[in-house]
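Let's start with one chain on its own, the form predicted on its own, as structure tokens.
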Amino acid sequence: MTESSTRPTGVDKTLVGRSYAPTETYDVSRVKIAEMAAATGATHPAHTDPDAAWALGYSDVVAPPTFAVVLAQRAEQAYVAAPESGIDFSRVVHAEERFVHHRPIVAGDRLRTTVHVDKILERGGITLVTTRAEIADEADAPVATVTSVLAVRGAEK
């Protein structure tokens, strides 16, 4: 272990418990779902063919499960980019991502995301920042919860 790896980062631990207001409304489109399906290798026709989705009981094409990360990461920027966070994004490595889906995301959804800073922990010169993005629809009904852990390396001397 080097000296620099044991130094604490500049991440502000007092922000645990803070929430960042809902982001702008994100309009889920067939095109965005098809792009995510292609990028992740999700080949089920319900991701791109409305007839296939309707046959399965969805109101429109359905997003792959990882689509929620698009909204979560956009919203997390409100916290990560805020000067008070103390996070230097050039020192961030994505450590973990977990999804809880309350219902499928489909084309035509209009979604908003609120980010919560749940935990900040230092270990061996790395700060682990846990955020929770709560994605809701226009009626504020829960759609998905995305929990992320960012590993922030300490600053070099």
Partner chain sequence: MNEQNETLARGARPLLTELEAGAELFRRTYAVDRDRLVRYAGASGDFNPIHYNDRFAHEVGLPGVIAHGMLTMGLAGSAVADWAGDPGAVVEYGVRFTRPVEVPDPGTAEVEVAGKVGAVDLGEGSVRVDLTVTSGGVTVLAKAQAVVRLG
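Residue numbers count along the first chain shown, from 1. The structure presented is a predicted model; accordingly, all values stated were derived computationally and were not measured.
If you look for the form predicted in complex with its partner chain, you will not find it shown, but the lines that follow are about it.
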query	finding
Heavy atom of residue 124 within 4.5 Å of its partner chain in the predicted complex	no
Residue contact check: residue 32 to its partner chain in the predicted complex, 4.5 Å heavy atom	yes
Residue 128: touches its partner chain in the predicted complex, heavy atom cutoff 4.5 angstroms	no
Exercise: residue 120 in contact with its partner chain in the predicted complex, heavy atom 4.5 Å	no
Sequence-ordered residues of 13-45 touching its partner chain in the predicted complex, heavy atom within 4.5 Å	32, 35, 36, 38, 39, 40, 41, 42, 43, 44, 45
